[in-house]
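One chain follows as structure tokens, the form predicted on its own.
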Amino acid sequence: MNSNENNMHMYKDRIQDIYKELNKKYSHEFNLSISNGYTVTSRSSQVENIEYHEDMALNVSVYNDYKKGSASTNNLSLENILKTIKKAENISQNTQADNCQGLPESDFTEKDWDDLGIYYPTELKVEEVIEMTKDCEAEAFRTDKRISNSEGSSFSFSKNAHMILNTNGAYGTYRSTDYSLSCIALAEENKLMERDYWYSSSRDFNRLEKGASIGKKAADRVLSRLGAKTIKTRVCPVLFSPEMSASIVSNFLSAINGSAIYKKSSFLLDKINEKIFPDFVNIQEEPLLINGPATRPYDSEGVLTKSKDIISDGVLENYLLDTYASRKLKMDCTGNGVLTNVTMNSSKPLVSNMLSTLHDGVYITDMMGSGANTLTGDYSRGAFGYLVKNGEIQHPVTEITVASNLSQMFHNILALGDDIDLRNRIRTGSLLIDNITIGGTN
């Protein structure tokens, strides 16, 4: 049994012993997380740093006649846990009552969860990891003499254990692992320097992209940025890379979050059963996806996570509700105290080589700033990309702005690419969207 499991069993027993003596006037929830791992960074063919971490955190929430108090600690001695419980109880006595507060009453976890396909502990020697990062960076330098420097290559590993327990009978544990390998490269030409990166992440070390491939992609990406210039303002089709597409889907998910809905601060208020996307677009939540970056059996309140259609044939099917939001809105809880894996798909065939379908437009690979107004849907972000003519990149473009409204952007989606990014909790390929304003020079 590894140290995470040993610690989890020890703290679980400690909390359960405390649990028997709790003040029955209150409802209590315990959320425990334990994580340990390391990060190795190599730069200029030398080890830059090796960092180890061992973190633990216990969050205690107390409900007292619809009043809530929360306190947390990373010292899990018996004495300190008791102090943390007392602190949460005291806070609950001095907060505003709200009859939507309280523990979930049904559909909660009641067991230990194994075999979720997200726990792959692998014993790696530090020497092997160092060589992996050095080779990754070296491949970036080998790609082209214009790669003048790097910010290094980093490998990270984390082993995690989670537990929830509350006085309504919820109980659950699960384990996970995380691996990532990245490289950041800098290129220089005509006294101008650009920076870009690539990375791979997975629950399973054996599914990580090879270091040489990551270094090469980081180099290719930064080289493609050299010689960037601005373009004149235009309205045109825009192709968003998978990473940028995921950020647009994330804006949509924020707008259907229960908090935004009950606060009436969303442009998608009262839009259930209405068409938001074209007919061919489907969006699902898949909480138990094998190797999923956000896979988990229950949410932050212990409510079981559920597979669900969010968008079906373009129509909005569900808001994303935790227990509090569901009570506020008098709707069923959807187990969305957290958001798990979300997949965007198409009932039409996904398009290969989406760039070749763009006849006169802009391909966006990087955006800066938040720039999305959840209340109105207005969208404006600084961006970097490429001018495309007849399916071929003409040159990189910088100092531009992507401007539109999210409602219009969703309706104007023309196609989805098959280049699905599996690293993100939001799984989508490239999105081709019509009629977007690209702000440049006048």
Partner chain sequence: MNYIQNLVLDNHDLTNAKLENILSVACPKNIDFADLYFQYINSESWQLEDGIVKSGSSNIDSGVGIRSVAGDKSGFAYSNNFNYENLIAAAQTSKCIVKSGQNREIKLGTIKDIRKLYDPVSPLDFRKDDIKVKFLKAIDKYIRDKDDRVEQVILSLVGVYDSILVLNTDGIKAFDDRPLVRFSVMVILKVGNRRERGSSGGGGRYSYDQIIDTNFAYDFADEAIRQADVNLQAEDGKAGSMTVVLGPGWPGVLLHEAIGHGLEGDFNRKKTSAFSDLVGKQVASTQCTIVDDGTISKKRGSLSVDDEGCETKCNTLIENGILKGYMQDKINAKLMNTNPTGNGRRENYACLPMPRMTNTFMLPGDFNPSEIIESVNDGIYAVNFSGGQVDITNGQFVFTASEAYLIENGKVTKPIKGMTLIGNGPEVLKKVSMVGNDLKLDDGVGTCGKDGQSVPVGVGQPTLKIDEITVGGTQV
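These numbers come from a predicted model, not from an experiment. Residue numbers count along the first chain shown, from 1.
Although it is not shown, the form predicted in complex with its partner chain is what the next lines describe.
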(message) Give me the residue from S380, S27, N412, N31 that has a heavy atom within 4.5 Å of its partner chain in the model of the complex.
(response) S380
(message) Quick check on this chain: which one of S224, S180, S158, N149 has a heavy atom within 4.5 Å of its partner chain in the model of the complex?
(response) N149
(message) Please identify, from 337 to 345, 279 to 287, 311 to 319, 194 to 202, the stretch that has a heavy atom within 4.5 Å of its partner chain in the model of the complex.
(response) 194 to 202
(request) May I ask you to state whether T376 is within 4.5 Å of its partner chain in the model of the complex, using heavy atom distances? (result) yes
(message) Would you classify S307 as touching its partner chain in the model of the complex, given a 4.5 Å non-hydrogen atom cut-off?
(response) no
(request) Examine G117 and determine whether its closest non-hydrogen atom to its partner chain in the model of the complex is within 4.5 angstroms. (result) no
(message) With the partner left out here, check for me: in the model of the complex, does some heavy atom of Q101 sit within 4.5 Å of its partner chain?
(response) yes
(request) Just give me the residues of 50 to 76, first to last, that have a heavy atom within 4.5 Å of its partner chain in the model of the complex. (result) I50, E51, Y52, H53, E54, D55, M56, K68, G69, S70, A71, S72, T73, N74
